[in-house]
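Here you get one chain, nothing else, as structure tokens; it is the form predicted on its own.
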């Protein structure tokens, strides 16, 4: 199973490298959704030797919510706001790719200093991929103007936390994960409403323009 987990981690890193370079918001949403599906599969593989119905249900719920429900909500928000692309991000796309390379180097370095408790079992990319995903999510949140992009960054950051929990702890506590999923669901739902309201009032969803609301 370690080899398959490593393949999943490589795919996760590739998605992290691609996400900040995407200008089409629909592509960003689909990439984050694919991450959610991969993490559901990761949960099954990480607990394959001691797979229980609870773990299987948790993995299936994670894939359904992150891979289907959240993308549908974000797609509807984008259609309602009439926005398709991230035109002028705070950080350009070429610079974003360069930042991704730097974040990957940092993640690999931290992964060496934060090994898995059992020695990794042939999974040297497990911790670096999780850290890379968290850093990518934070980078998207602070480097993009569109509210939809920032929500995608928030989802990506949560995916990184989830991946780290799976590879470092093993079996994820169901109550903790369901609580996190509920928090993310509320955040996406509220953000969808906010995107609609911002677009209706200002004819755009650039988050940096919210400074106009001061006073």
Partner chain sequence: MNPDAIANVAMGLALAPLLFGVINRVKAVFAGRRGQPLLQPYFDVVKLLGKGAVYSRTTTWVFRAGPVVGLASALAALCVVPFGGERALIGFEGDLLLFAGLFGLMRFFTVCAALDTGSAFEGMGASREVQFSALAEPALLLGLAAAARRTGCMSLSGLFEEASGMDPAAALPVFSLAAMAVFIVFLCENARIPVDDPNTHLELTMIHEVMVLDHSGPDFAFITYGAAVKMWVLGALFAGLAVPFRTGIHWLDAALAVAFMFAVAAATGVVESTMARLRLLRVPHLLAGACALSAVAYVLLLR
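Numbering follows the first chain given and starts at 1. Small disclaimer: the values here were computed from a predicted structure and weren't measured.
Although it is not shown, the form predicted together with its partner chain is what the next lines describe.
The shortest heavy atom separation between residue 124 and its partner chain in the predicted complex is within 4.5 Å.
Contact between residue 97 and its partner chain in the predicted complex is found at the 4.5 Å heavy atom cutoff. Using a 4.5 angstroms limit between non-hydrogen atoms, residue 90 is distant from its partner chain in the predicted complex. Under a 4.5 angstroms non-hydrogen atom cutoff, its partner chain in the predicted complex lacks residue 142 among its neighbouring residues. Out of the listed residues 138, 83, 73, 108, 108 is the one that sits within 4.5 Å of its partner chain in the predicted complex by at least one heavy atom.
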